[in-house]
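Let's start with one chain on its own, the form predicted on its own, as structure tokens.
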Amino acid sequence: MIEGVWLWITFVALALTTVITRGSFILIGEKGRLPPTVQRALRYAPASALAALIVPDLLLDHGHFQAFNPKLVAGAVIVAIALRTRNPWLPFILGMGVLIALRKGLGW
């Protein structure tokens, strides 16, 4: 029975932590402004988070680092096409085409 009590105490503590940290920005409002350097740094947070999710997947193949794998080649194709064109679908289509061709066609 004691495990159930500690579980509920943990749930309540996590809920309060979430409400306090998120609600503090609403309650403080305009009085609490972040310094300009922090605001500039926060502009790069979404791109950094996306890179932190994608780059390990591109560099690892079946859990091991490989400098030349099909996902990395397809990722390089996607970056090259995205930098050259403004079409949002073309990098996706050609990147998947390259990945499928390398995996199925060449057996990588």
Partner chain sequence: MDSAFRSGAREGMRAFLPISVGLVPWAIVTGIAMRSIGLSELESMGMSLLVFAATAQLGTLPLIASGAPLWLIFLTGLVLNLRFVIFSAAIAPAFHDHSLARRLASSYLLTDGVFAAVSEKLRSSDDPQWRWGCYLVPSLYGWALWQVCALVGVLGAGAVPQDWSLEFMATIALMIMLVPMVRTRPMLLAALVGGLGTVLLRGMPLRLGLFVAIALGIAAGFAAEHWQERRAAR
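Bear in mind the structure is a predicted one, so any value in this text is a computation, not a measurement. Numbering follows the first chain given and starts at 1. Rigid core: the largest C-alpha set superposing within 1.5 Å between the two forms.
Keep in mind that the form predicted together with its partner chain is not shown, yet the notes after this line are about it.
For the chain shown alone, F65 is a contact residue for its partner chain in the predicted bound form, at least one non-hydrogen atom being within 4.5 angstroms. In the predicted bound form, its partner chain sits beyond 4.5 Å of every heavy atom of W108. Not displayed here, its partner chain is kept clear of P35 by more than 4.5 Å at the level of heavy atoms in the predicted bound form. Shown without its partner, the chain has R43, Y44, A45, P46, A47, S48, A49, L50, A51, A52, L53, I54, V55, P56, D57, L58, L59, L60 in segment 43-62 as residues with a non-hydrogen atom within 4.5 angstroms of its partner chain in the predicted bound form.
The Cα position of T85 differs by less than 2 Å between this form and the one not shown after fitting on the rigid core. With the core held fixed, G23 shows a CA shift of 2 Å or greater between this form and the one not shown.
Relative to the superposed rigid core, the position of the CA of M96 differs between this form and the one not shown by less than 2 Å.
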